[in-house]
Each structure stands twice: as structure tokens, then as C-alpha cells.
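Form predicted on its own, single chain, as C-alpha cells, below.
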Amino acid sequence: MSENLSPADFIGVCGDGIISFGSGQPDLPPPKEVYKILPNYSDFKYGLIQGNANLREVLAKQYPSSTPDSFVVTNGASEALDLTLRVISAKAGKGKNKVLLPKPYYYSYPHMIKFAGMEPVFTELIDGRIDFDDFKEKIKECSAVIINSPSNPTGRVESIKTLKQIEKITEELGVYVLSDEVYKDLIYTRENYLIKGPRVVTINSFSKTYAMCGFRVGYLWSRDQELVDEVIKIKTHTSMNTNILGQEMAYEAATKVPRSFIDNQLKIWEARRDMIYEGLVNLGLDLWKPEGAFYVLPKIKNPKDFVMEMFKKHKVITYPGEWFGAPDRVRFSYALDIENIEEGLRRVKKYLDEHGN
């Protein structure tokens, strides 16, 4: 393992007493309903590029003023973001070819923006939330903005007031809003607020709500039908259809899993949130209290040394904050059971007792 770490060094690493606060995937099992189709499922032919009709029909009932044609089912939320950015880049041409990112950000966002031939521009957060004064100045030079609320890596939820301000200014300027809402069902403080507008692209997946990360079923929804159609054109020549078995499982989740499943899982996440937040605060670390998702982002002295030594000496995986645009911090995911969180905190204490903070 080199000193220049990347997510590939840690994703999927387990066993040998390792405790991983790294990977952002639920450890909780998917609902049993998604497996019931397996013994009788036999359709393995190519599917519609836009996504299975039955799944899009169900999704259309969950979003206002939409039809099945308003959606594209993708290989996870990541493909939805990638394809949308490519379409926006083509529309922008050599003009305002920039995308605004609140910083800290999910580590793949800047790479996706650059892969699409665009340039990331950053707006700093205050206490983990958007500073609208800074936002409204920087958005003027951009053709799009990515909003991620609840946030990976901060766990913070943007205020409805700020989201409505973003709706207003982006509509006035003709700026696209890519609203990454994969954690919309994991909010501890309020219901999710759906950002609205003619150039809003809502991006979601079944990965977090239903613990179906490996099935790679995501989607985008937009009232901008021209953008949706352009996304389909690109997808036709890249990945073609999204995994159709995964889509059928997603359909089962969307139609047969009761809301109580999500509510019960949210209670588990909140209990874990409280444990890791209070545990790190008691160790003297400075961090924001998460209001959603399952991440904390404490300040750590010498973050790179912390990440390397915690892995090599204490068998604990964490992610350096520099991946997320927060070089003085370290990201912990609390997508693991209470016993492992407790043991992981004990190992963090050993490090801090030796090195301080």
C-alpha cells in the first residue's frame, strides 16, 4: 500500500480483525421481499435503455407532475450523475463550462466533472452547511451545481430556506441543479425536501434506503425532457440497459416493502449516530453532529498519519478527509454494528492516547 492512498486500497477490504469505518454501504440486510422473485425469474434478455417500464411507472407515482418518460434507470446513482454531467457539458460548450460544488464534497464529484470535460468550482461550507452569500456569487459563472443533502461526508442536512434560495437563483440564471438524494430516507431531523425547478435533475438509488448497493440500481428524474432524451442517447452507446434482474428487485422493493422497514432501519442508524458522535466528542474531537446519512467528519491532527497507522497498527479503516476536500479531517462511516463501533472507538482512543490531537 503506497502513501498515496485511494479508495481502491480500502473498498472491499475485510477480515483478519479489521474494523472498517470506511465504505459507505449499509451493513443491514436488504428487505426479504427483493429475494422472493429469484426462484422463478427467467428473463435475461436486453431490456429497455431507459429502464424497465414497470419500475418507471412506480417511480412516477412518487414524484409530482411526472410520467414514466421522466425517468432513466441507471447503474447506480453514479451513472446518473455521469450521464447528466456529460449532457450538460455538451449543452454548455465552451461557455460556462463549470460546476459548483459545496466543499467538503463526495470524493467522486470532482472526477466526474472533469471526466465530462468541465471544471469544478468550490463554495466553502459554514458549520457543514452552504454559505448562501458565497454560493450566489460563484453560481453566476457555472452551468450546474451539485447538491447532496444529506451529505456524504458531513452528514449535514441543508435548511429548507437555503434549498428554496437555491431553487430561485438557479432558475433565474438558467443553471442546472443536480440534486443527489441517495440518503433522502436517512434523515433524523425532518422529512426530505424535494428541490423543484425546470432544470432540476433529481438523482437517487435503491442502494442506501434498501441496502441494495451491489445491485447497482439508480435513477434520474427531471421535468427537462430534452435532457432526459439526451441521457438515453448516450446510455444507448455506453452501458445500454441497467441490470434487469436488479430492476425487478428494485420494483419489488418499491411496491411491496412497507414504510415500517425504512422507519425501523432509521432508528438503528440514529442509535449508531449517537454512539459514534458522543464517543468521538468524548475523545476530544471536533466534529459536526450528523442529521442524516451515516458519516462523521472529525478534525484529526496529521490525518494521513492517522489513517495509515490506524490501518497498519490498529486494523481500523478510515478515509482521509483530503479525498473529500477536507484535508484537516477524517471520514468515518458508521455503517457497522454497535459492537464494532465500540471496539473501533477503543482503538481510536489508543491512538489518541499515544499521539494526542
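As the structure is a computational prediction, the values presented were derived from the model and not from experiment. In case it trips you up, residue 1 is the first one in the sequence shown, and so on.
This next part talks about the form predicted in complex with another copy of the chain, which is not shown.
Student: Here the chain is shown alone; which of 213, 195, 254, 287 has a heavy atom within 4.5 Å of another copy of the chain in the predicted complex?
Tutor: Checked against the cut-off, the match is 213.
Student: Considering non-hydrogen atoms and a 4.5 Å limit, which listed residue (232, 169, 187, 283) is close to another copy of the chain in the predicted complex?
Tutor: Answer to the contact question: 232.
Student: Of 114-122, 141-149, 256-264, 157-165, which is the one stretch near another copy of the chain in the predicted complex, taking non-hydrogen atoms within 4.5 angstroms as near?
Tutor: It is 114-122 that comes within 4.5 Å of the partner.
Student: Considering non-hydrogen atoms and a 4.5 Å limit, does another copy of the chain approach residue 126 in the predicted complex?
Tutor: Although another copy of the chain is absent here, residue 126 would stay clear of it in the predicted complex, with no heavy atoms inside 4.5 Å.
Student: Does any heavy atom of residue 271 come within 4.5 Å of a heavy atom of another copy of the chain in the predicted complex?
Tutor: Outside the cut-off, so no.
Student: Residue 344: heavy atom within 4.5 Å of another copy of the chain in the predicted complex?
Tutor: Outside the cut-off, so no.
Student: Since only the chain is shown here, I'm wondering whether residue 27 would be in contact with another copy of the chain in the predicted complex (any heavy atom pair within 4.5 Å).
Tutor: Residue 27: contacts another copy of the chain in the predicted complex.
Student: Listed by sequence position, which residues of 238-271 have a non-hydrogen atom within 4.5 angstroms of another copy of the chain in the predicted complex?
Tutor: Residues within 4.5 Å: 238, 239, 240, 241, 242, 243, 244, 245, 246, 249.
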